[in-house]
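A single chain comes next, written as structure tokens; it is the form predicted on its own.
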């Protein structure tokens, strides 16, 4: 199966290893991540709906996937949130869709985008397309005995009306992923709380207190490791906490599939 792949800025700079894990694991699971040509930043630093121009990069990615009859996949929760929200606007806000398509078609020779691309976070792709059962069958290095706390953060599940990935208050997708790798998921009360990443430049002390609250809560429930699906959350938790390791879910997947060492040497 081939999918259009939007890696995003972080996985092409500070987190290149996470991108390598994602690609190599996908190949083992029968999925080819075809990187979008000439992609640009998703516009995640801009959140205003009225600023249509900030959504055009995401819109181009959505249309790129549509032109190839492929779903659009992202490994970053922030990128995924922007892509999904842009797609939702194209489907449900005609005024926005008309304005956005005017931008696109006036500068490029193309048809308007109609909002039909299926948008998946990589974790969602693993559950809904590959299947956790198949992943469990492919595991060669089960993470038996490890107590791992999944950290959802803000952007993976919210707003629920748009993301529609899981129950925003009591999700299970991450826990089921951890079980498929042979480890024990740790359910703790702050797994859906903000880590403070968005205010780390403005108020680093507050950001640090938020990150420490999340990790300390996980530890209090017996966690030996925290796993996240957002590279920005991983960076913030790594920077501000040193109690237990914080890893990315594609790294954990590569370890369980027995290819982490090969990826690290790639």
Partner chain sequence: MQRIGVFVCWCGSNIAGTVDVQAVSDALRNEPGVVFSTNYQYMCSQAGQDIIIQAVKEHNLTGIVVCSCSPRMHEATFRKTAAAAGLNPYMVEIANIREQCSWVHKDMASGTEKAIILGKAAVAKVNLNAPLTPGETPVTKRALVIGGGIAGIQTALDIADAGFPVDIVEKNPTIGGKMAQLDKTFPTLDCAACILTPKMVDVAQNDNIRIFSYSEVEDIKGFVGNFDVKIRKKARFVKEDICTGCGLCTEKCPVRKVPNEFNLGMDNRRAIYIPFAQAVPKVATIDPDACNMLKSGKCGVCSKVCTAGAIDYKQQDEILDEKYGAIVVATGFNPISMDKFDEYAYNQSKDVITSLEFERLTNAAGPTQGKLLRPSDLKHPHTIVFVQCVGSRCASCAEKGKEYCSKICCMYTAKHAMLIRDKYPDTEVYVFYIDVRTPGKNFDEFYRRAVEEYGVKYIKGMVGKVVPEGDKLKVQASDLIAGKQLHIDADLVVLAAAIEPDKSARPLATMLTASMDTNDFFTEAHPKLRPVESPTAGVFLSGACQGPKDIPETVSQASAAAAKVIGLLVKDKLTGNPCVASANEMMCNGCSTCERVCPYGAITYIDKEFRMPDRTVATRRVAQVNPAVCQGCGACTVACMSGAMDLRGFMSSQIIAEVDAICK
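Numbering follows the first chain given and starts at 1. All of these numbers come straight from a predicted model, not from anything done at the bench.
There is another form of this protein, the form predicted together with its partner chain, and it is not shown here; the text below is about that form.
With the partner omitted here, the stretch from 110-118, 91-99, 190-198, 129-137 that lies within 4.5 Å of its partner chain by heavy atoms in the predicted complex is 190-198. With a 4.5 Å cutoff on heavy atoms, residue 32 does not count as touching its partner chain in the predicted complex; it lies far away. Not displayed here, its partner chain is kept clear of residue 69 by more than 4.5 Å at the level of heavy atoms in the predicted complex. Residue contact check for residue 170: one or more of its heavy atoms lie within 4.5 Å of its partner chain in the predicted complex. Taking its partner chain as it sits in the predicted complex, the stretch 216-238 comes within 4.5 angstroms of it through a non-hydrogen atom at 216, 217, 220, 221.
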